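Just one chain follows, in the form predicted on its own, and it is written as structure tokens.
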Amino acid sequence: MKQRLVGFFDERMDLSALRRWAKEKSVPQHKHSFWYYFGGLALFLITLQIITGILLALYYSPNPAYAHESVKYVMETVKYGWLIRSIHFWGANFLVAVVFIHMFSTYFMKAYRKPREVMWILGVLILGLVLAFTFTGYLLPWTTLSYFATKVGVNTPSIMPILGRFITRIMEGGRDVGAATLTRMFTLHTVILPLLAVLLITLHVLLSQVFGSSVPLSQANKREAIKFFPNFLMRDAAVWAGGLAILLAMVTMFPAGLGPKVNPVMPAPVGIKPEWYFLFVFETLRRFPETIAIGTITLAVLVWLIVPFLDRRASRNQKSTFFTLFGAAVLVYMISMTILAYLTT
């Protein structure tokens, strides 16, 4: 029966070609190979977010009158509802951290160099989508903190020239954060962003299979490799299991809470601040004039996006100290601003 079943699908899906690919594919091994696992871990966490997000959406009501109560119902009444929401909450934080690590490790290993320029651009766009997921999902519990933090967030683009005010109006859906904003955030979070994410992630994964894992310039002379299946895949699975264990430990020790329901007519709480992954932007806006801060961040993002085309030395497999220092400066700035925001707010 097993052979007949495999034969049935083999005739119609050409599984033999997939088996040949799995046998032939290999992964380079060197002292920096550890960083390869973060790409697979990010994919695992995205899958986990999709599963838990679907389960939560079964009970959620994107209406200001019922949004908070629906989340409360999930946490207090639905069997294991608190666990699913906590996994979704902490999984989002874990995912952002892993994607940032994956991006910076890719950058410092110069894995964006030719012919992987498109892979790099897709990766940066996927990071942007992950941050957009966290931003659009933040308002959905309709708590005091999420309401006023979103209010600050949607108004930030309005200082940008030309399209700034338009972007703010699109997110708000009116003149202020309200019912229309909640509906739009829910639609973005559960429909539009997932469709874009599936498209970009699929392309990113396909290109990674076509070109394989990039070897750092310092390890270019090393030709050691291991088979993807089953050797590397088993190691990948072990990393996923470890990541899941850490996530479940966070969930059980610090289950996600639910703040009080928002009262829009009340003043914003003192000391309100965004999640940790937006703190460097928050602190930049606090310490510099808004126009200069937004302009500088926008320019830095554009440079980061097209760095494979700017770093011509790396494309010729030559050492590029300037762009290494640029990446280090960006990383140090983000970390220092995040720490500063925690200490001063």
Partner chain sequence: MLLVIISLILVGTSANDSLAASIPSFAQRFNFTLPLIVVLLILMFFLLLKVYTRESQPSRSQKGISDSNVKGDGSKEKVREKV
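Superpose the two forms; the largest set of C-alphas matching within 1.5 Å is the rigid core. Positions refer to the first chain, counted from 1. Here the structure is a predicted model, which is why all the values come from computation and not from measurement.
The following text describes the form predicted in complex with its partner chain, which does not appear among the structures shown.
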(message) Given that its partner chain is not shown alongside this chain, does Trp82 nevertheless sit within 4.5 Å of it in the predicted bound form, heavy atom to heavy atom?
(response) yes
(message) Can you tell me whether Lys23 touches its partner chain? I mean in the predicted bound form, with a 4.5 angstroms heavy atom cut-off.
(response) yes
(message) So, Ala237 and its partner chain: in the predicted bound form, are they within 4.5 Å at any heavy atom pair?
(response) yes
(message) Under a 4.5 Å heavy atom criterion, is Leu163 part of the interface with its partner chain in the predicted bound form?
(response) no
(message) Partner absent here, but in the predicted bound form, which of 210 to 218, 229 to 237, 193 to 201, 146 to 154 has residues with a heavy atom within 4.5 Å of its partner chain?
(response) 229 to 237
(message) Just to confirm, with a 4.5 Å cut-off on non-hydrogen atoms, which of Ala268, Leu206, Ala249, Ile170 contacts its partner chain in the predicted bound form?
(response) Ala249
(request) Scan Leu244, Ala179, Leu129, Ile121 and let me know which has any heavy atom within 4.5 Å of its partner chain in the predicted bound form. (result) Leu244
(message) After a rigid core superposition, would you say the CA of Glu24 moves by 2 angstroms or more between this form and the one not shown, or not?
(response) no
(message) Once both forms sit on the same rigid core, is the C-alpha displacement of Leu15 at or above 2 Å between this form and the one not shown?
(response) yes
